[in-house]
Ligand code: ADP
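What follows is a single chain, given as structure tokens, in the form predicted alone.
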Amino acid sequence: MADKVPKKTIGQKNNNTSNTIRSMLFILVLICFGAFLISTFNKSGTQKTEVPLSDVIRRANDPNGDIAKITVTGQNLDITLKGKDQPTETSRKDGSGTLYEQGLVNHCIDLEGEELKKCEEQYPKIEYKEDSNVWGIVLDVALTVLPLIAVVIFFSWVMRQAASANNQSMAFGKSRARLYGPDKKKVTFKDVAGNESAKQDLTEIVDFLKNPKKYEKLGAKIPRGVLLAGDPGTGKTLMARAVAGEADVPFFSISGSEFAEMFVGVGASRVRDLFSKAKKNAPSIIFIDEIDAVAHKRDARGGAGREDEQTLNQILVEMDGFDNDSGVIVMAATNRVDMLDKALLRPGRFDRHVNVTLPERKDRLEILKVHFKGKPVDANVDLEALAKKTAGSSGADLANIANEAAITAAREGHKTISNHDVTEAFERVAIGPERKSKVMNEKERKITAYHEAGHAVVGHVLPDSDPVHKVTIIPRGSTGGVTWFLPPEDRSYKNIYELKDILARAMGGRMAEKLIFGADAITTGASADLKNVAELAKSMIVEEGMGANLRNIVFPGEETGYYTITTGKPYSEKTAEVIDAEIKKLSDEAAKRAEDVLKANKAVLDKLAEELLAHETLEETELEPILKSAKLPTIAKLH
């Protein structure tokens, strides 16, 4: 099938026209310059002295004159003096009469033989030639006409550029929204896997658009706006396109950042133009992606004359002003609902708030089936196992895993996608690619083996920790090794015991290094673990109210605008000291529990480290016989 030739845009046509004009101007300038050089060369090649015609006639009629030959070409006379081979003088006759009429007599015209020869010794020989200097005439015309043409073309180009600039300035305030109409490929709810609750909410919007009279009879009004909120990559934009596809109405799509310009008033102008277009195509849908770019809280940012505030005010007016029967539904997507202005979120503007959440296991399985559809996959590829491992992944993450699996299979020369390709793709997306070029010496390998074994042993014996799925000492991404813990099922909540077990297993690597190599020989390999411990501990204290002395107390974040003058944080200096103490207490407790577990199971720790040094990677089935003898010491229990 032949490739389709892409259509040129208006901008490309203007560029091509400008390039053509510039090329023509350049060629004309070259022609004029060449003609000037030719003319100058011709003039400088034969230097002739111009003399009056009356002087030429006087000397030609004198028997003792110095003229040997006169060559007449049109109006021009070339004069060759006696004793010369080439003409050295030139003259020009008067166009009102012939040379005979003007006094030049050809004394030798009727003579022959000796008489002619004797006559020519006294009087000049007169020859008449036709004026065949066509190039000279062309050259004269070119030197006269071409500069005029060049000037005309130049001014025409200048006027066209001015008109183009004027058109651009007129279009500056126009909306840049893209219209997805009937000619575009439709997306329906069948193309959206998972998120059944969100689809159910949006199905009512579709029914509103298809059957408005059904609701008008009961006095119901069509919702003015639908806000899709959720984590990045969960499919908010896809949901909006599916609504447009199901309802079969024009769909205007634009990003929030496309309203913003450095010139005040442009954003509001684009909002007016967008809603004007949507009303002309009503019923229709306007979709504003990343609406938080133009809908910040006004009290938090300040400045009534700000460009983004003028844009927001225009959106508020268009959504719920005097003209509220436009037949236009506004859909918007954001992952920062906390940043949006309250006036935008009230009923009458965004009536519906639809949460597009991260997919659950069954939803992840359906999404994986969609993305692996059409790809050659081995019959033994277990997508259910992959869905189980990918807890917390968004739809975009799952699509990336499917794509990476296909790339891996192609790189390895496989004809179909195998389980190995899928596993490698998952680990590449989750952690990063294997750094095969990274060569560790035996000491580093041993430290890494004990570090990862420490994570695995502590995580295995703690009662509220997730099961160990895989351990490897092959460097991946920015890590020297990886220990995976996968939850047996999706959970919406975590209790304090589960979080404390996560802290303890994170400290397992550092404590294993301390136990085997000594307290003074710990390395920087645990830096990422310590950072995660600090962040999780702070979240438990500040956001979840799980501190020993700050139980049931949380501190408001940036969205509330509640900050103290002294610390710049939503708590006092004294409270900050208490929070720091609580974080240290949780970290120390986690380190102590991890150390107690490892001391009680040192034989298991040594055995696991040896196996890692021998095989580098151990799967769940290989870990089970090694870890089954590990026990939880009483001192490390929480309850």
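All values derive from a computational prediction rather than experimental measurement. Heads up: residue numbers just count along the shown sequence, starting at 1.
Same protein, other form: the form predicted together with the ligand, not shown, and the subject of what follows.
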In the predicted bound form, the residue from V192, I473, L462, V243 that sits within 4.5 Å of the ligand by heavy atoms: V192
The unique member of G413, G219, P232, G518 whose heavy atoms fall within 4.5 Å of the ligand in the predicted bound form: P232
The ligand contact in the predicted bound form: V328, any heavy atom under 4.5 Å: no
In the predicted bound form, R428 touching the ligand (heavy atom, 4.5 Å): no
Distance check, H451 to the ligand in the predicted bound form, heavy atom within 4.5 Å: no
Partner proximity in the predicted bound form: I367 to the ligand, non-hydrogen atom cutoff 4.5 Å: yes
Which of 276 to 284, 211 to 219, 367 to 375, 547 to 555 lines the interface with the ligand in the predicted bound form (heavy atom within 4.5 Å): 367 to 375
Residues of stretch 523 to 548 in contact with the ligand in the predicted bound form (4.5 Å, non-hydrogen atom): none
